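First, one chain by itself: the form predicted on its own, in structure tokens.
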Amino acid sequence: MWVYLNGEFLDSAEAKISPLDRGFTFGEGVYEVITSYDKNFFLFYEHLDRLKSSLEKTFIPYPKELSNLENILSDLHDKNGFSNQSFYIQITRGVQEFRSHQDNILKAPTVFITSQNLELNPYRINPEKKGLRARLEEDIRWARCDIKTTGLIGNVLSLHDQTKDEVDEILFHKNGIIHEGSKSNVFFVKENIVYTPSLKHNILPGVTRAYVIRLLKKNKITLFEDSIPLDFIYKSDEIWLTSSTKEIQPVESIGDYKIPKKNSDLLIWRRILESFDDS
């Protein structure tokens, strides 16, 4: 696999990042995920804007690569050769020779980009496919989910807990209010009205989330961004997740609770997924 590291395209086995990089010593880094379909980058500028926002909020200077990012991704796309790919762009504050919590000397950020094969959303091929399994967990993460940080241990910690059932996604909640998934945003449908947690509830401003909201409005489907209480799960006709690599995927069960089946032709998630390519 080819990767990009600080101005060079390298075989992944040849890519070396210093253990003194503050991304390793302090977890000081941000990232972004961009997908491409037949070398067409999906929502590229929206992702670039969010990456810039994460850099600004962490006081990491823009690396020079941002002005040429689309060309870098295009070259990496060619080198790795898959028709559809997902690109992980990771930027840290850079290398600090002597470890200190505060670094007043401005250094060049470290830029590391990988790409991998992106499989087509299986619900495009078979919308009747069994939905995802999820479970609920108290949200123990830090209170800056608006920053897309590489420090994701709070998101993945319990996935390594062998005493818990294996699931496709975790839905975080706090004080009885649902926030988001460990790697996705969440939407609910009740009586043909769509609900999703508002950005004030410690969630990532998902690029796909925003895109889906635009599609809902375009299709004249009523949407509310609001506080979603836990018991709303049991009142919902549909629950679905959105992310850059998932697009839209339905949830079948949360813990022991199974969402009641609905006529597939009436499912809003299905209508919106079908309109992805038409917008």
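Numbering starts at 1 and follows the sequence shown. All values derive from a computational prediction rather than experimental measurement.
Missing here is the form predicted in complex with a small molecule; even so, the following discussion is about that form.
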item: Residue stretch of 70-78, 90-98, 116-124, 176-184 approaching the small molecule in the model of the complex, non-hydrogen atom distance within 4.5 Å; value: 176-184
item: Selected contact from S54, S243, S236, S36, since only one has a non-hydrogen atom within 4.5 angstroms of the small molecule in the model of the complex; value: S243
item: Partner contact for L171 in the model of the complex: the small molecule, 4.5 angstroms, heavy atom; value: no
item: In the model of the complex, V189 touching the small molecule (heavy atom, 4.5 Å); value: no
item: Distance check, F41 to the small molecule in the model of the complex, heavy atom within 4.5 Å; value: no
item: The small molecule contact in the model of the complex: N155, any heavy atom under 4.5 Å; value: yes
